[in-house]
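A single chain comes next, written as structure tokens; it is the form predicted on its own.
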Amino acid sequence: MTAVAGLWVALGAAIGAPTRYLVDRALQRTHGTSFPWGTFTVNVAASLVLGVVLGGAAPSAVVSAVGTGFCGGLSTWSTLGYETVRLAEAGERTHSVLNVLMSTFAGLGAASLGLLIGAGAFGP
């Protein structure tokens, strides 16, 4: 990785991480369930955006800033793991299992859709 690519990654992450926090807090306030909708939403959104970036013929600076930096800062698969364990420990096994299954399949589906969108909109 070049120094310039590292700066693009840092710039994207500087936008993605606060966006994750703000989206998560906003969504968690809107419902009364224990299901972590905020984390689910940012992970699926990051998967979709990453698919769009990688599906098209994006320049390396865009891949670094948006794909690696922004999507890496926006998504939080470690929080998915933490919240899944927390739900299981609280006896909410259905939500725990649904959190893993929904996040995995929705993330893969969003990434696949993003690849198609990227190829259609920005492909050669």
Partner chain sequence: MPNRPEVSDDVVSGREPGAPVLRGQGAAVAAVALGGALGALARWGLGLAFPAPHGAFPTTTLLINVVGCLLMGVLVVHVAEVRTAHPIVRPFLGVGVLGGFTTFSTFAVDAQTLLATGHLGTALGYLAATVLGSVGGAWLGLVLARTTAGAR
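Numbering follows the first chain given and starts at 1. Treat the numbers as computed from the prediction; the structure is a model and nothing was measured.
The discussion below concerns the form predicted together with the partner chain, not included here.
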item	value
Contact test in the model of the complex: residue 94 vs the partner chain, heavy atoms, 4.5 Å	no
Exercise: residue 6 in contact with the partner chain in the model of the complex, heavy atom 4.5 Å	yes
Contact label in the model of the complex: residue 59 to the partner chain, heavy atom within 4.5 Å	no
Partner proximity in the model of the complex: residue 54 to the partner chain, non-hydrogen atom cutoff 4.5 Å	yes
Partner contacts in the model of the complex for 88-122 (non-hydrogen atom within 4.5 angstroms of the partner chain)	89, 90, 100, 103, 104, 107, 108, 111, 112, 115
